[in-house]
Structure formats: structure tokens, C-alpha cells
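Coming up is one lone chain in C-alpha cells, specifically the form predicted alone.
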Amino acid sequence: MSSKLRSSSPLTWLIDPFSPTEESARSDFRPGRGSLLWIVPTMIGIALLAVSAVGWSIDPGQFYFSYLVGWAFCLSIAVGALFFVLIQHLTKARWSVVVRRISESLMWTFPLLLVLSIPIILGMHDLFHWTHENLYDPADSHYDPILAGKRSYLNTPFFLVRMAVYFIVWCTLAYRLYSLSVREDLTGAVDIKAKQRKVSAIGLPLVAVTTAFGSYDFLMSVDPHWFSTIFGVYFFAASFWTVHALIALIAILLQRGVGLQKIVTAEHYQDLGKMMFGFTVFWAYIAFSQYMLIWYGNLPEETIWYRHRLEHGWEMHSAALLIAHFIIPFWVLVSRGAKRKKAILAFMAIWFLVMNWFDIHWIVMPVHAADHAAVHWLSLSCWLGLFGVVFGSVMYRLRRHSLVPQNDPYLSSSLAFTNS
């Protein structure tokens, strides 16, 4: 890559490794220069994380679990965005070109998320029961034969190695796809499209495997006695469901006098709405399949996971998840008109973001507080703090480049796209 695409500051490179150039500044799709869309959420996020740090000094256990929920929420968005970009290139999709730069910016949050994972690594002893060494000593009263059988996989060194592998794969693919996209803006080289498809063909199975194992490690192993072979698909469904909502929300924000007027139309919003609706159903299908198979198998080591979520107040959270994550989005987005109205789509996009966080909270928190269901203030401050920082970095990146891949050969088709 040309050296002029690189930023000189290491901190700037973490947020955006590609510097603006004269070519991108002359873009017909240049972003606005307003800074509120990235400064405000970033400052709010930093302030909330500072408040969360105070909570850490008061209740470290609660902080680590709350932080994990917020971090996993942000990770799900980055994973969903990477899947989105890979699939668009592999299918030679035309309709999504005008919103693809948004998803490319979302997927480049992996390096930032790696840095933000430090509290999770430091809090592994609180978060992951399997890190306690006395569980593996047959002479100890806390000896756990089930975890002893899983020790070859669930051990701290191997966990950190796997985590490093996940982020190497994710960061490498995100960097390569984003760099090719920016280079296409500058040069318009005809071979870039083929390179993007080649990277995507190699990357899709790698991302599928690393996402499945990552979801097991970061979320499912919080309750190490429980296991589900469908959990990786469950996490993918929620990630892909959420990223379409966030893409729609950011596109709507960018159309408010910042740079995408008359570029993203009701036709594109309708397709984003279709995907939001479709993955509402898909998530419900996977969630029910997981529940039904565990209920049918009736094995104590599996059913105990749902028992913890059907008593001590958690049953209300389970019912709320069914209603708010599936039934309400289903009926709101089932009509064609709702998918084409920006006000409705923006409201549902925010709803989706909240529900994805609520879902991850429902997965993690009963392990920490099985005897009482509650949403601790640290859960909110960690979630909104992390999301504010990540969202601010995305908006900062978007304002430094063309908001649309301006030399993409499919751009004209995307601009003229209509639903049949």
C-alpha cells in the first residue's frame, strides 16, 4: 500500500490507518466536516467508563461481568459488519454499495476492541469459574470432575492464544478489505474487485469458525458446565441482526446534512429493513431450536442453564426477551411501508441495539446473580461507555473519507437500485 495512505500517529492509526488525500477530498460523496457526531459520543463514552472505573473500586465482580456484557455487545457489531462486507463481495451485491463504507468502518473497530479487552483479561478469575486451580485438585473439596475433563481446552494460556488468533484473523481481514476499498477510491484499479472477492472467499469460513469459537470462549464458558453446539449460530444471528440496524441508523444520521442526501434512498432502507425483519425470524428460530433440543434431551447439565433463567425474577427477563426481541420487531417490520419510513426504521434500529445488549445481559448475568434478577447501574454505564467510544471512532473514520466507494464498478447500479 502506498505510504501516503498511512497516518503518522499510532493512536490515529488505531482509529483510522488511512489518511485522507486530495483525491478523496474531491469526492462527489465527501463527508461533512462537522465533528459533533464523533466528539459527543466519544466524550460521553469516556465519561461513563470513568464512572464505571469508580464502580470497579466498589464492586469488582459486578464491574467485570457488566464490562463483559458491554464489550461482547460491541464485538457482536464488529463481527456482524465483517460478515456483511464478506457476503456483499462474495455475492457481487449491487444494492449495498452505497452503505458498504459504513459497514467497513464498523468492522475496523477490531483493533480498538482488542485494546478494550484488557479489563476482561485482568478479570478472568472473577469472570471464568474454570480459572480456579482448586477445581482440578482431586484432594480439594471443590474438585470438579466435569471441569477437570475440559481442562485441556479451558485453561488460561490456551484461552489467551485462541483470543490472539481470533483477533489476528479479524483484524487482518478487516484491514485488507478496508485498504482495498480505500485504494479503489484513489486509483480505480479494475483488479481490486477480484481481490476483494478472493479475500472474502478465504475469509468467510475463517470468520465463521473464529466467531463460533469466540462466542463459546467469551460468553458460553462463563457457565462452563453448560454447552450448546448451536450457540455460535445464535451469536452470529444476533450480530448480523444488529449490524443491519446500526448501518440503517448511521445512514439516517449521515443524511441529516452531512453527506448522503439523495444517495441512500427508500429502496436501500427497504432492503436493510428486509434483512432486519428476516434475521428477527432467524434469531427466533435459532433461539427456539436451542431451547427445544435442550428441553427434549432433558440432560441436567444442559437444562440447568435455562432453569437459572426461569426463576428468581429471571423468568421476567426471559419473557421480555421473547416479546421485545421477536414479537414486537416482527409485527412492526412485517409491512413494506414500515421498512421505507426512516422514522420507524431509526426507532427500530435503536430498539434492536437495546435488545441485542439485553440478550447478552440475559446470557451472562444470571451466572453472577442467579438468585436475583436486576439491571445494575454498572451494566448500563459499561455498555453505553464502550458503545460511545466505539461509535465515536466509527463516525470519526467516516468523516475522513468518501462516504461511498466512489470508484466501485457497481456504484451506478446501487444508486439506481429499486426493489422489484
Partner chain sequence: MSTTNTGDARELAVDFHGDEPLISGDMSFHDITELVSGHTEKRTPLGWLAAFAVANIGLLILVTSIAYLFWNGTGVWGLNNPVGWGFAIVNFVFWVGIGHAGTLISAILFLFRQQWRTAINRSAEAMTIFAVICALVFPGIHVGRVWAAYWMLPIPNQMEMWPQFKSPLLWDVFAVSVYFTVSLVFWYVGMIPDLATLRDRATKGLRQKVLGFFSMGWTGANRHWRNYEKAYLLLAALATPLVLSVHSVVSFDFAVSVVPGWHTTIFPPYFVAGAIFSGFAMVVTLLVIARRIYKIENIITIGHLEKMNIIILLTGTMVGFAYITEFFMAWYSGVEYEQYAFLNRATGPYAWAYWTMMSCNLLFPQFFWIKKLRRSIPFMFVASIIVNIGMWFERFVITVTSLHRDYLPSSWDYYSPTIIDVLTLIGSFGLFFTLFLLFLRFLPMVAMAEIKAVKPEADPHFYDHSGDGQASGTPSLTSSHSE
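Numbering follows the first chain given and starts at 1. Please read these numbers as outputs of a predicted model, since none were measured by experiment.
There is another form of this protein, the form predicted together with its partner chain, and it is not shown here; the text below is about that form.
Its partner chain is not shown here, but in the predicted complex it comes within 4.5 Å of a heavy atom of Gln290. Contact check for Phe213: a non-hydrogen atom falls within 4.5 Å of its partner chain in the predicted complex. The closest non-hydrogen atom of Met220 lies within 4.5 Å of its partner chain in the predicted complex. Although the partner is absent here, Met275 is a contact residue: one of its heavy atoms lies within 4.5 angstroms of its partner chain in the predicted complex. Heavy atoms within 4.5 Å of its partner chain in the predicted complex belong, among the stretches 298-306, 321-329, 175-183, 121-129, to residues of 298-306. In terms of contact with its partner chain in the predicted complex, the residue from Leu113, Leu154, Met163, Val97 that brings a heavy atom within 4.5 Å is Leu154. Put simply, of Ile286, Leu333, Leu135, Val169 only one has a heavy atom within 4.5 Å of its partner chain in the predicted complex, and it is Ile286.
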